[in-house]
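In structure tokens, one chain follows: the form predicted alone.
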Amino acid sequence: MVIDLTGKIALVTGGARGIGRETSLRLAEAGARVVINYQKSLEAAEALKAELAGRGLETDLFQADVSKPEEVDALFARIRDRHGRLDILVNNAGIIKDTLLLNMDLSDWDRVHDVNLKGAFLCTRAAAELMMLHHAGKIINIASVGAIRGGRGQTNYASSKGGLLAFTRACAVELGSKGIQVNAVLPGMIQTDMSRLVRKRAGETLLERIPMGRFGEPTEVAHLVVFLASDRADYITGQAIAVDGGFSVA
């Protein structure tokens, strides 16, 4: 199945590393002009931009902490000024601060929710305003199987991603009549820098719980995001789709 996103403007938050990097790459390969948002990963963002430029694919870089309203406002002002529209938003920016519940500082709880959930809210609200101008748009929220399957030390992370699923469903209801589809992707244990410590500590145990017997690759998540961002998914909204090798149903 060939997906053509030529002429589309896409924003990927946290788009320079891991799943975000692969998503930015695959969207650009499908023809979209991708705005790659990053917070601290300037070197990785510039390397990705250079890689895509070498293939004749143009991208934009913009540094912003998506949990800060003023920085999100600046990001979307740049998109409006430069492109005049936004067709695809991938809310990928996310962090983990794993700690057992009784040892968790309030600051760790707040920071994870600020980035993972508040950041998605701020970006979605701004994106919806642009998308409604053209009565069309795709919003894909990168959640986690942790939202539906508990894990030790992840009360902050799991609740933020669970909130993102509820947010996805509510947004789908509100925005459906505006021509905007909103869906969530739930990655399982994907081979990224973020998951490295967990895989190192409990890799063999985790593999025993994954029916397919292996960890996922970022590109396997990105391929689903590209599909959901395309017109092939025009009648899909409010859904949460796992990419986890069967982990969530085992």
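Quick note: we count residues from 1 along the sequence shown, nothing fancier. This structure is a prediction, so every number in the text was calculated from the model and none was measured.
Omitted from view is the form predicted in complex with a small molecule, to which the following refers.
Peer 1: Considering only heavy atoms, tell me if Lys40 and the small molecule come within 4.5 Å of each other in the predicted bound form.
Peer 2: So Lys40 counts as contacting the small molecule.
Peer 1: Please run the contact check for Leu175 against the small molecule in the predicted bound form: heavy atoms, 4.5 angstroms, yes or no?
Peer 2: Residue-level check for Leu175: no, no contact with the small molecule.
Peer 1: Do Tyr157 and the small molecule share at least one heavy atom pair within 4.5 Å in the predicted bound form?
Peer 2: Yes - in the predicted bound form, heavy atoms of Tyr157 and the small molecule come within 4.5 Å of each other.
Peer 1: Consider Asp65 of the chain shown here, and say whether it contacts the small molecule in the predicted bound form, taking contact as heavy atoms within 4.5 Å.
Peer 2: Asp65 belongs to the contact set for the small molecule.
Peer 1: Which one, Ile190, Ala28, Ala222, Val35, lies within 4.5 Å of the small molecule in the predicted bound form by heavy atoms?
Peer 2: Only one listed residue qualifies here, and that residue is Ile190.
Peer 1: Give me the residue from Arg111, Arg169, Arg80, Arg149 that has a heavy atom within 4.5 Å of the small molecule in the predicted bound form.
Peer 2: Residue within 4.5 Å of the partner: Arg111.
Peer 1: Counting only heavy atoms and a 4.5 Å cutoff, which of 88-96, 175-183, 128-136, 102-110 contacts the small molecule in the predicted bound form?
Peer 2: Selected stretch: 88-96.
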